[in-house]
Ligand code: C2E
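First, one chain by itself: the form predicted alone, in C-alpha cells.
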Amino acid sequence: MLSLPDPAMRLLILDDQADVGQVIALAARSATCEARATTNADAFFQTLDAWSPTHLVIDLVMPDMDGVEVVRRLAERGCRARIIIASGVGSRILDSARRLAIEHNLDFAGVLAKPFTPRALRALLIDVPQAVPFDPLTIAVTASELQLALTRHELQVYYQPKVHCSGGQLAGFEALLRWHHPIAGTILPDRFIPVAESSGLIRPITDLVVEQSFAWLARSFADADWSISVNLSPLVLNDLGLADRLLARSRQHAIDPKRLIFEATETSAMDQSINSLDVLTRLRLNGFQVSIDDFGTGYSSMAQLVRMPFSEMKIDKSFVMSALQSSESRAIIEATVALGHSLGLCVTAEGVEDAATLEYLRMIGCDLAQGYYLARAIPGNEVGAWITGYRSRLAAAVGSPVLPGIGARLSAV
C-alpha cells in the first residue's frame, strides 16, 4: 500500500497550462499535500519566496522562461526544495534536464513524464532519501582554515563499502574524506579539495588519507583480503616520487599492495598523460591496483585507455543513478562493462541507490557496486557494526550465511 506524503509538505507547480497545473495540484491535495499552481515564472518565484514550498514541479517548456533557466535560478538562490521536472518532451531532453539539476547540486526528486498518473506524482512526493550532510552556513573555505583543520585533526576518513554484484559479498571500501568543522558541521570534499589543490595543501591531505586508511585497514582487517581505494588528485599524479612513498607506507603497515587501489579520474589521468603514465605504471609494477574513476565523463580515446595500466574501471554515478529511467544511461553502462571486461578490467558501478539498480547491474555482469542502497560512507569505528548488520541482511536475502569468518575479524574494529 502506497504511503501518504507528510501533511507539512507544500508543493509549488510551474506549468504554462493552468488546467494541467490544477490537475497536479488536485492530485497532490488528494494525498494531503498542500499545493499551489502558477503559470508564469515571476509569480512562481514570488510564491517561492513567500511560501517556502518543500517540493517543486517545473514544466520545461514555458513561454516566458524555460525550465532550464528556472533550474539555474533556483541553484543561484540555493534552493533546498525537492525538484520534480515535468514535461512532454522526449526522454533525451528530460534526461539532460535531470543531469543539469543534479550538477547544480539541487535536490532532484525525479522526472514526471506527461501524461502521468496521480500515483506517479505521489511516489515522487514520498520518495524522500536520507539527508546528505552539507554545510548549513555560508562559510568561506580558505587555505588558512584548511591548514588549521589539518593542525586540529578535523579531517577524518570515512569508508564506503563495495560489494560483489553477483552474490553481495563484501569486496572492500573506498576512503572518503570529511571535514568536521567546529562551526559549520560536516563539510564534504567538493568544498575543500579545490582549495587544497590551489594552495599546495593537497599533498599533506593525501598523506593524511593514506595514513589513516592504511592504518585502519591494517588494524581492523589484517587477515582479510578486502581492499581499500584512495582517490588521487591530478596534482598528486604529477609527483614522480609518489609510487616510492606509497610502497614504503604499505610496507610499514604490512599491507599487501594488491589490496590497495588508487583511483584517478578519467580526465586527470589523460590530461597529464606523460607523468600520469609514469606514476600509474610504477604503482602497477609495485603490485598496487589502479582504477580509472568517473568513467564516461571524460574524453579519453581508446588508444589512451589501452596505454594506461588500469586494473579497474568505475562507471560514473550519474549514469548508474539514472539507469532505470534512461535507455541512454543503460547503453553507456552496458558498453562500459563490455569494454572493461574485454580489457581484463574489474568494473565497479558507483551511485547504486536501490535494489532494482543492483539487480540490473548483476544481470549485465557488472563486477562490483557501491552506493547509498548498500551503505553511505561511515566512520571506521562503525564499520564492524555495519558488517554485522549487512551479513544478517544478506543471509536473510539469500537464505544462507555469507561472508564466512567475519565475526572473528570484527574484534579489532
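Sequential numbering from 1, following the sequence displayed. What you are looking at is a predicted structure, and each value in this text was computed from that prediction instead of being measured.
The next section is about a form of this same protein that is not shown, the form predicted in complex with the named molecule.
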| item | value |
| --- | --- |
| Any non-hydrogen atom of E174 within 4.5 angstroms of the named molecule in the predicted complex | yes |
| Partner contact for L188 in the predicted complex: the named molecule, 4.5 angstroms, heavy atom | yes |
| Any non-hydrogen atom of R82 within 4.5 angstroms of the named molecule in the predicted complex | no |
| Contact test in the predicted complex: R178 vs the named molecule, heavy atoms, 4.5 Å | yes |
| Contact check for R259, L283 and T348 against the named molecule in the predicted complex, heavy atom at 4.5 Å | no |
| Of A101, L124, L246, V209, the one that lies within 4.5 Å of the named molecule in the predicted complex (heavy atoms) | V209 |
| Heavy atom within 4.5 Å of the named molecule in the predicted complex - the one residue of L106, L146, M321, I255 that qualifies | M321 |
| Interface segment, criterion being heavy atoms within 4.5 Å of the named molecule in the predicted complex, picked from 33 to 41, 54 to 62, 356 to 364, 371 to 379 | 371 to 379 |
| Contacts with the named molecule in the predicted complex, stretch 220 to 254 (heavy atom within 4.5 Å) | N231, L232, S233 |
